[in-house]
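Quick heads-up: it's one chain on its own, the form predicted alone, in structure tokens.
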């Protein structure tokens, strides 16, 4: 487990800023202590400094997951967010999309959000902006990328894709053996 390099930190923060904007600062400087990002086996973990000190005494081979896994670096050194980061992204999300009850299950199976399943969308959402997907009962279901801006969503065909799927809470069941 080691601190992120400058290039890795930039990649992680650029990806997080797509979803939560300037609120990244709120993740690091929290009222309950200081939190940090650490790299362990190509995965980026988010943990408190108290937990970091405790994890330092555990041998590397025995350490499975020192904190919450935010994502991982691919072989080409691109950062990919994991669904385990959803609990930290949802409260600080700048742009949100709510899906109708009928299309929640479709999204949880890994499909994109169609215009016919769109309940609401945050005003001034730009195209290709990171969004957090909620149910109509304000339960965070996952996150994705807006395929259309808010203005385009009003005029588009009901079968057009509005949000590209990135991750959802259904992955806990589908990929339970690979999530850490």
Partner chain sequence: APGRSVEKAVLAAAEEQEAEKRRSITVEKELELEFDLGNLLALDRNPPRRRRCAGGPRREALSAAERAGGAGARWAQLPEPTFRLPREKPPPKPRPPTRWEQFARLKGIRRKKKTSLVWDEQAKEWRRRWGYRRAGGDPSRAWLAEVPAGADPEEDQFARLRREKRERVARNELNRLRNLARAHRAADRDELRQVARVARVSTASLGRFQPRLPKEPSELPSRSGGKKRRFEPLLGNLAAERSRQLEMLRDMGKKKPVLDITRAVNKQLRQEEAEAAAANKGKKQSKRGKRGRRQQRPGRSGKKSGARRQPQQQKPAGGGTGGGKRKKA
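Numbering follows the first chain given and starts at 1. Everything quoted here is computed from the prediction, not taken from an experiment.
Just so it is clear, the following notes concern the form predicted in complex with its partner chain, a form of the same protein that is not shown.
Remark: residue 98 counts among the residues lining its partner chain in the model of the complex, judged by a heavy atom distance of 4.5 Å or less. Not displayed here, its partner chain is kept clear of residue 111 by more than 4.5 Å at the level of heavy atoms in the model of the complex.
When contacts are judged by a 4.5 Å heavy atom cut-off, residue 164 does not count as touching its partner chain in the model of the complex.
Its partner chain in the model of the complex is not approached by residue 178, whose heavy atoms all lie more than 4.5 angstroms from it. Contacts with its partner chain in the model of the complex, taken as any heavy atom within 4.5 Å, map within 43 to 59 to 49, 52, 53, 56.
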